[in-house]
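Next up, structure tokens for two forms of one chain, structure 1 and then structure 2.
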Structure 1
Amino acid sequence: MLLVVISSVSPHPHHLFEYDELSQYVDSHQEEYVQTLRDWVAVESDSSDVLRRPDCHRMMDMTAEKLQAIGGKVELVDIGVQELPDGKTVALPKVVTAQFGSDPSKQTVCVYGHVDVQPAKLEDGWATEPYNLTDINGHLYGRGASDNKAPVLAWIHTVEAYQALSIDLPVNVKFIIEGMEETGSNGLDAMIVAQKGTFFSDVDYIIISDCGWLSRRPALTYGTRGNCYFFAEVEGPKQDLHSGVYGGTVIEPMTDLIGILGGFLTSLSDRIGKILIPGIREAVAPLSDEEWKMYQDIEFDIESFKSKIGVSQLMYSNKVDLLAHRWRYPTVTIHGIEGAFSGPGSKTVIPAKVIAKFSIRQVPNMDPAVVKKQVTDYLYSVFAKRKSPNKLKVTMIIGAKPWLADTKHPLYEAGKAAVKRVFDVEPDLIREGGTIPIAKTFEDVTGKSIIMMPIGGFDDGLHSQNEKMSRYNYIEGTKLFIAYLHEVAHLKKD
């Protein structure tokens, strides 16, 4: 009789989840995982440096080989060439796609990641060689370790663990891995559009693990800010002038530029950092009571945040205000002025042409096309009031939209269950202040639901000196992905 009861349950594979067995497999292979990460970090796949392009190509080949070695159906997709400022062209790194399983009765998830990195040099202030993965007290230091090589490997090791133990993958898994993310994912949007009806046709959900936790508590990410990046150029005399000879006779472009930039934000004494460009604040989605409550419950320590960045005072002194202004309100940042004298020593020059570079982080319900018009109209009207003979030209060079998911979507419920299983805590639901434009592209083109599932630590130093991935996050993160695939298998198909 007992046998009958068991057999009535067993045909449904979801009831049998060998989590402990898979988890032990990951633990016993962690040295191998660290070594693979070391091999990957050793490749200087800096996508911003054309001279490093051969390394980027090699990194894509290594990624393809790794996926092939564990039985994936792998393709290297040619996405064309990149035009350089001098008119020459150079091949873009191919995009790697892979497929594991094609059972139509199962859910299909697609994992996105990238294996290119930000530039890094020892003399930038690194304590260790940036391309030589160095283990110090369980922290694995190296450029690209956290952003995004370890998370990509953790996903590959997830599939590998199921296969090594001959456990059926609970879902079909696809990968799309690129090599140009750090410079704007050139060529990827067009590829996603082209493959909408083929590679993406059977995908149910897309998972992105290109972000980090906010504290020591594991997190699920449900929103990112977009970004509109502008150049504002003021041009005056036909060449640079001597400030002693001409100062007091010409209307200087730099003075004009500083004058119009000064009108972006209110001063510190007013309600801090309020953007003065008409229409921007009015477009922002209002903060709901439920959202306020979510922010209230998040684990976040203001004092350690201050000491981490080395400041004595922040724009806001309470957690909810600070997180809200980091994630769900727009910001203006002036990044620099090209053409201004910035070398060491003194130079008495009136620059003939100066270009301010600034950006506005986008949030729901802002639209980059509208922001472009608001910013341009505002700057021209402020400039017109100066009655200057100089010429102003405003251009928007990036217009990336924000992305926001519904935290009540079953994908997030599955994420909470997986975090609970592996870490025995409830995850924080967080947003990113930065921009991951590909999320919005995936959503707009494929119409699929997306979750961001980070495994990186809050102190990983992405894009900074001494970037690292903690061994704990790398290994436990792999277990999180294993548990997540099991949870997603239970969801009803969209």
Structure 2
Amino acid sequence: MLLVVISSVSPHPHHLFEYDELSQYVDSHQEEYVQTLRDWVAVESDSSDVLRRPDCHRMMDMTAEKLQAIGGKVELVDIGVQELPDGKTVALPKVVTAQFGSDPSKQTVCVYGHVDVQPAKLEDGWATEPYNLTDINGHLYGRGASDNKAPVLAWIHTVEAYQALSIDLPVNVKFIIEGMEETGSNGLDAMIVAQKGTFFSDVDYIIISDCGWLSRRPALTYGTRGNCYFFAEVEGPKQDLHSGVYGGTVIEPMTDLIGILGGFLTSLSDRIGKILIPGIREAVAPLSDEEWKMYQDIEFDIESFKSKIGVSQLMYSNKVDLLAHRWRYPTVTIHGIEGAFSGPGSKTVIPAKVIAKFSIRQVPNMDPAVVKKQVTDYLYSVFAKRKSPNKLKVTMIIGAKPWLADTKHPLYEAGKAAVKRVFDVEPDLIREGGTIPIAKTFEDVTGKSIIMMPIGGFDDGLHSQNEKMSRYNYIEGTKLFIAYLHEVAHLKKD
């Protein structure tokens, strides 16, 4: 009787939350959840390899089917084609949108995620087949398990649990799932702009679960770095040459390339890792006292961080410096050189054309358009000083912006309450060194607030060998999302 009276006053009273029932449902369905993750990981949806594009298309279809099966209003949105370096085009994977509920009296959240993955091969040093999800001691190993297939599934299972138990969703839930995140979310910006007044018109908040905790303590993420990704191509002779026959006569493209990249950073003997490209460091927002204090209070064990990645020394030896340089200062990384001899054994070759792949993680207040100019100007000027007859071509293929949220926003208070309910601890408030290319666009175009709610573990090996998602994080993470929807239902509309 009492329940009836209260429910007529408030449509979503706190104490009517059937958390235990939902949580038990999740526990009792975990084998199915793992099997679905296995099916998804089996699809080699590597968006960086155009030869895998059919797999990317299949992955989007599977995502749409899964959302349809639980009653979503689903659309596969055509976002056009990708232009390849040789001028050809290839279809971009369609974007999946879905909608569950359209009650105007409820909040509407939009969950963003991606189902494409980074490349992975057994011979890279994986202990198990990367596309065969393998459970070892409760850790589910497979490419894309943590980044980002399990979190996307955990959100889908969240909606499914409410529905299976005939419990009204406390908020309307929308999904936007893409298949090009790992290469810069090609085509997605334009789609968001196009759907601003339609799909996004009733969205109140955007939730992204495409990142990880910093330690064993659950976390909420309030910032990501951006990424400017470059190709620097040096072309010389018309074909590869024998280094004994031609070495000493030809000005080698590889030597030019190493020469121009070699000046990116100061070495250990100077101030460690300082980026030397003019203008880059000057744009960085200064570290405030408040931020310093936040980093100081975060749980982060330097020794276990070192042992996890197998190094004896890091760039910095104190926690605040390490976190600040991981999250809120720019870095440059040289990822690889296409055209270089890289196979096992030895080959005495002079490569005719080499393409360096490097990227700069940028931070507030850097701007990708400015970084593009700074980097290209720098490389062309250093190259000009070499007076080489070889040809240099620099292109920026990704220009993703950094994103930073206000941790005082009620979305974060709701996040803290959900974490407390499921894990019985306060979450760490952290930033992410990686990039969610679309985050800033969501904010700029829709004007909606974003929260990043990770469920991945600190040691999931994203983009690396032996990526994994632990069962614990997958299952408890689903419960976290269930609890979070309940908390968001009680927020005042923005």
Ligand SMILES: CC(C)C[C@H](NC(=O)CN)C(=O)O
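Numbering runs along the sequence of structure 1, starting at 1. Superpose the two forms; the largest set of C-alphas matching within 1.5 Å is the rigid core. Every value quoted in this text rests on a predicted model; they were computed, and no experiment measured them.
> Looking at both copies of this chain, which one is the form predicted in complex with the named molecule?
Replying inline: Structure 2.
>> Taking 2 Å as the cut-off, check whether the CA of V90 shifts that much or more between structure 1 and structure 2 after a rigid core fit.
In response: Shift of 2 Å or more: no.
> So with the core overlaid, does the Cα of I397 end up 2 Å or more away between structure 1 and structure 2?
Replying inline: Result for I397: yes, a 2 Å-plus shift.
> Comparing between structure 1 and structure 2 on the rigid core, is the C-alpha shift at S166 2 Å or larger?
Replying inline: No: S166 shifts by under 2 Å between structure 1 and structure 2.
> For A283, what C-alpha shift in Å is seen between structure 1 and structure 2 once the core is overlaid?
Replying inline: Displacement of the alpha carbon, after core fit: 4.0 Å.
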